[in-house]
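Listed next as C-alpha cells is one chain, alone, in the form predicted alone.
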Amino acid sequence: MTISNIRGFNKPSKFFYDILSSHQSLQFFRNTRPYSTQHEMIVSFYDDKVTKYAEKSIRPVTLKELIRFGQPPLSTSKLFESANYTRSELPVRLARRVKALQNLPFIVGTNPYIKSIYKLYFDSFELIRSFPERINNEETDKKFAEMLRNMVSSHSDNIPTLAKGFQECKKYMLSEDIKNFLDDMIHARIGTRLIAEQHIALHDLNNSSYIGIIDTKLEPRQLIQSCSNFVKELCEIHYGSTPDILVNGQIDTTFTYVPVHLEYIISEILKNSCRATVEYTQKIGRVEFPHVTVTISKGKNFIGIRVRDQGGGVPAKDLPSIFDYSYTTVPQDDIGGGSCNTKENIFAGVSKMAMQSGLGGPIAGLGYGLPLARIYAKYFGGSMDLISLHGYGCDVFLKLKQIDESLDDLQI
C-alpha cells in the first residue's frame, strides 16, 4: 500500500497531507492580502480592530451544539446557522492569537518564523472579517466555506514554523514561558480548527456516519490499520526496513470521535514505536524485528488503546521529560542539531527534517510529537500515559472518552 492510497480511508487525512497543499494555500493568502511594505506590517501590529476583538468574550460551543448544526436532514437554515457562528467566533479567537504573539518579547516577535505566523493569523483575521456579519445566501456561504478550507490548509505548518522560531530565540525566553505559550497556542488552534473544519465538512457530507468532521461510527481497528500502513511505509523509506504492526483485542469496537485527532495520536505513537524497534534491534543485533502490538478495549464510557513495543524503553532519567517539548531521543547529528545539548535543544533540526516532509513528514526528531499527541488525547477528556521497561520496551496507554456520552460537557 502506498502513501497515496491512504487517502481512500473514509475521509482524506488532514494531518498527513496538509503540508502537500500548504504552498498553494500560502499563495492564496499572498494574493488575498499581501504585505507589500514594512509600513503595512507596522500598522497591522497596532491595529485597534485586533484589540477590540481580542477583548470580546469567547462563546464556547459544546459538541452537542456543533453536531446539531449538521444533523440530517441538513437544511439551508442550519447551514447558515453554522456559518454565522463560525463567522462571529473565529475573528475573536484569531485576534486573541494575534495579541498573544504581540505580547512576546520584541526580539522574539521579530524572528522571521514567528513573524510569518503573526502575519498568517492577522491575514486570516482580516479575511474572515471581509465577509458579511450575517451570511444568509448560498453563494456567500460557499465562498465562505472555500475561504475556510484555504485558511485551514495554510495554517497546517504553524507548529513546526513556531518550533524553528523558538529554537532560534530560546535564549531570550525561559523554557517554561515557551512551554506555556505553546500549550496555549496549541489548545486554541485545536478549537479554531474544529470550528472551521466542522463548517467545511458540512459542505462535503458523503458518509452517513459523519456529522461534519465527527464520525458517529468510528472503527478504531480500521483507522489504526490505515495509520499502520502509513507509518510502516515511512519507516521503510527512512530505515530500509520496518517491524510488523498487529492489531488485536476488541477489534469490532465502534464509537463517536473526531477521526483526524485519533489519526494524529496513533501515528505519532506508532512512529516512535517503530523507530525505537528498528534502532534497538540494530543496536543489540536481533535477527528479526519483534511486532509492535496495538490492543483495543471498550469500557462503559471509554475506549482504551495500548501500543506495545520492544524498542528498548526509555531510561529512567529521561522519563520525566518524555512529554516535554524539548525532549527527543534522536541523536543531534541525525536532526541537524550539531553538538547542542538535548535539554537546551527545543525543536532542534526542524529545517533539516522538514526537507523530508514531502514523504509524509519526518519520522522523528522534531521534539513535539508526543506532547502534541497528548494534548489532542486530553482535549476531549481522555488521557495518554507511557510506561517504560528500560532494556525491553514501552507500553503507551491511550484512554479516549466516548464523546457521544458527554456532548453537553465538552466545550470547544
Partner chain sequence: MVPRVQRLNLHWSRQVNHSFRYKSRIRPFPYFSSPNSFFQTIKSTVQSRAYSPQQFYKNRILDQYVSQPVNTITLRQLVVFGRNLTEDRLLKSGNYVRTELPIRLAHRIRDFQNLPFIVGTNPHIEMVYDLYWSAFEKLRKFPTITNLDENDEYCDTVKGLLKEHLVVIPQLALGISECSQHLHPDQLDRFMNTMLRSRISRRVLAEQQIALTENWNDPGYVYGQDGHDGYIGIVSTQCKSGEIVQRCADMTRNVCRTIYKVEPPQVLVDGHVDTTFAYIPDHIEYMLYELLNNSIRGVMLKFSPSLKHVSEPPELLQQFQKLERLKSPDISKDPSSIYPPISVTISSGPTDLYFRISDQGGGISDEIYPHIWSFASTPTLNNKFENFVKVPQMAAKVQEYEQSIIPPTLHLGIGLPMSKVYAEYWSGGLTLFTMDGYGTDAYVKISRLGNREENLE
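Being a predicted model, the structure only gives us computed values, none of them experimental. Numbering follows the first chain given and starts at 1.
Keep in mind that the form predicted in complex with its partner chain is missing from the display, and what follows is about it.
When you look in the predicted complex, the only residue of G299, P112, P320, P105 with a non-hydrogen atom within 4.5 Å of its partner chain is G299. Contact annotation for the candidate site: R308, S388 and G391 all lie close to its partner chain in the predicted complex (heavy atom within 4.5 Å). For the chain shown alone, Q250 is a contact residue for its partner chain in the predicted complex, at least one non-hydrogen atom being within 4.5 angstroms. Its partner chain is not drawn, but in the predicted complex it has a heavy atom within 4.5 Å of G304. In the predicted complex, no heavy atom of D404 sits within 4.5 Å of its partner chain. Using a 4.5 Å cutoff between non-hydrogen atoms, T295 counts as a contact of its partner chain in the predicted complex.
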